[in-house]
Structure formats: structure tokens, C-alpha cells
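Quick heads-up: it's one chain on its own, the form predicted on its own, in C-alpha cells.
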Amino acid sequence: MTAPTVTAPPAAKSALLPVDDALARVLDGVRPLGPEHVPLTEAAGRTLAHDLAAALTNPPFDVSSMDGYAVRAADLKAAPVTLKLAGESAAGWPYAGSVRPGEAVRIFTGAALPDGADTIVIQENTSASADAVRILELAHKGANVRWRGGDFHEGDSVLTAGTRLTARHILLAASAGHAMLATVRKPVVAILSTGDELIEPSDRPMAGQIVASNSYGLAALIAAAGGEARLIGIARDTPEDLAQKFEEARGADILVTTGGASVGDHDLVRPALEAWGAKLDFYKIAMRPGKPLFFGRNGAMKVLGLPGNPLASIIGGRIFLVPLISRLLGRTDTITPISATLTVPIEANGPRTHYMRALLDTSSARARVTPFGGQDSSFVRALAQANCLAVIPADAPALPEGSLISVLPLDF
């Protein structure tokens, strides 16, 4: 029996902006930042700005892949056969002459194949004396030879723009003759926590105070996404302090605020941003958790306002901030949702897309997902235990066990 696939019913009239529409607005017109050249030792995790062409040919010459003897295949008509030992070729010390008919050259792994030779007979299949070698087993033409350019030739494209550079890519770039790489400049993301109740993790909370954890979780999220986080501290709930902190964010590509985004008497962030010159695009998203989320711009700077609730803040960052950073980097390896089968039934959803903390099991042919029982948005321990978000569309009906849903893997 085929499991039912979850699809969202027609959208009902609502003041809340659907997540997909909000994300499209966030990414609208965003282009990759300019390039900067970094040495290979600093390139890990960076994003390649331009296609990379090989500056060298690899291998640069015909190379022996084994210890043995370089010979002419034409001399191997039958075994055993005895050949005159003409010299030696070692890595870094090639044989200067040419292998003539009836000759062999002692050769070692990584050494250049001498002119005239086209085959390597491995050492185990020979018996040598001071001036001759006896070939005990035949080898086919080209055996144990790595031919020049077998990997790539000078001028070949070896890496494409948008690649997030890992150890594998850096190894390739070095092999292709590059000591420096043009990488996209890391987006600088200024993070501002807001609220009179907030203290730093190093402080001991007094009555009514809570730790400002959002900025640290978001900083790690930003680093994992390829950006550069700049923490500018905590702003108190006054227009003056907010304006001062906004000024400290000047020069950043993105300003992220957490808290003060709702409509209470102490929620001053949005009006303070507008007074600062920001033009806000939208406010209130049809997502759970994270409804009081806004986005706008102040000149070239993008402004993303996340809720103060830690879980809503980090999920909002995953849904909106990570794709924005990826777009600024021109990345090609963004993580997209996958389909997975529910292992438990879940109740009908309301008018907001629900991002449920869950465990994804990909050990079998069909991925299976188990949402956690408690989804209270004030609990962050479950997020640390989760490895994905189960995405339940707005107004989805109750879903039985075995339903297919979208799952967003967590990579931070």
C-alpha cells in the first residue's frame, strides 16, 4: 500500500505571509558578494568565486605506479626472457637515456617512465643480477603506468564556481598548481540581542533575567553556513540604545536582531529600525514557531528580525538566514528538504507551517522520521537532540503513521 503524500490545502485568507513567499522576498535580487584571494591554508569552508582551470597537467609525465622494471612490451613475446639492465629511474631522478630493444631500466614507484619504455613489470615477477633482469611473467602493454594527463591537462576546468571548498577540493586545487584561490567574501552578519531582561552567559541571572543564548546559537549557525558573525551585544529597550547598537552594525551585509519583534509596549525594534532608515518588507510569517519575524533593508544591508524565543530564533535563522547567506556566497550545495515516512501519527495542523523537532532515520531504503512528543517552543534541549525538522504544511489534516512528509535536515 502506498503511503499518502501530504499536500497543503488551498491557502485560506490570512494576514500571515506564507513561508515560501517570505523566503522569495528575502532572496529577491540577492547576488553573490565580490571575490577575495586566500591561500590554500585558509580556503577550507570558503566558496569558490570563479571556475578553476588547471595550471598544470597531472600526472606531469608518464609515471610508474609500482616498483619494478621499465621495458618495451615488444620485448615480452614469451616468458621467461632476459633483458640487459641499462640503468635506474627513481622519483626525482629520472633515467637520462632511452630504453632500447632488449633493455630494461630498474624503476621505482613515482619515477618517470624512461623514453622508449611503455610497460612496467612488477618486481615480484622478476629475478635480477648486477647487469640483467629475467622477466618471469609477462605484462600487457601499459601495465602499471600512469600516463601523462590521465587525471587532467593544463587548461581543463577542475572546479566550478559556487563549490564550498573541502579538503578534497583543496587537494585538487593544489595538484592543479594553485597556491591561492579566488573565494567569495564571507557575508558579515551583525547579531543584536534586545531586551532589558537579557544577560550574558557569564553572568549570574537575578530575578526576572534570562541568558541571551540566541546570539551564540546564531553565531554558530552563521559560521556553519559560511558567514562571519559579529556579535554587537545586547540593546536595552530604549530607542536610544537601539539606535546606538544599529550604528555599531554599519558595514555588515546583514543585521540580525532577536527579540522585540512583536507588538507589545516594549517591542521597539521595528519602529527603531524604521527611524534608523530601514525599509521593512514584511512582518508576521505563517510559521510555527517564529510568527513575529520581519525582513527589510537599509541600503545594501539586509535586516532580519527574529523572535526572542530561542527555538523560534534558531529555526527562523535556519529557514531564512541560511539561504540568504548561501545566496550571497553563490553556493551550489544548499540543503533541500527530503521526503520521509512518519513513524507516528500527528494531529491536524493550524494555519501556520509547523517545523517540528524530529529524528530522521535513513538506515533503510525509505527514510523514516519521528517527531518528538513535546514541541513547546521554549524547550531547546530537544533541538539539540534532533537531527531534522519535520515540516507540516499549514492547515494539513491529521496524518496517520506512514504518511510522507517533507523533512529539513539540520546541519548546524
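Predicted model only: the values in this text are computed from it and were never measured. Residues carry their position along the shown sequence, with the first being 1.
Just so you know, the form predicted together with a small molecule exists too; it's not on screen, but the next bit is about it.
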Is residue 118 a contact residue for the small molecule in the model of the complex, using a 4.5 Å heavy atom cut-off? no
Using 4.5 Å between non-hydrogen atoms, is residue 194 touching the small molecule in the model of the complex? yes
Is residue 75 one of the residues lying within 4.5 Å of the small molecule in the model of the complex, judged by heavy atom distances? no
Is there a heavy atom of residue 163 lying 4.5 Å or less from a heavy atom of the small molecule in the model of the complex? no
Only hit among 290, 310, 227, 305 for heavy atom within 4.5 Å of the small molecule in the model of the complex is 310
Under a 4.5 angstroms heavy atom criterion, identify the one residue in 317, 187, 259, 114 near the small molecule in the model of the complex. 259
In the model of the complex, which of 334 to 342, 293 to 301, 205 to 213, 138 to 146 comes within 4.5 Å of the small molecule (heavy atoms)? 205 to 213
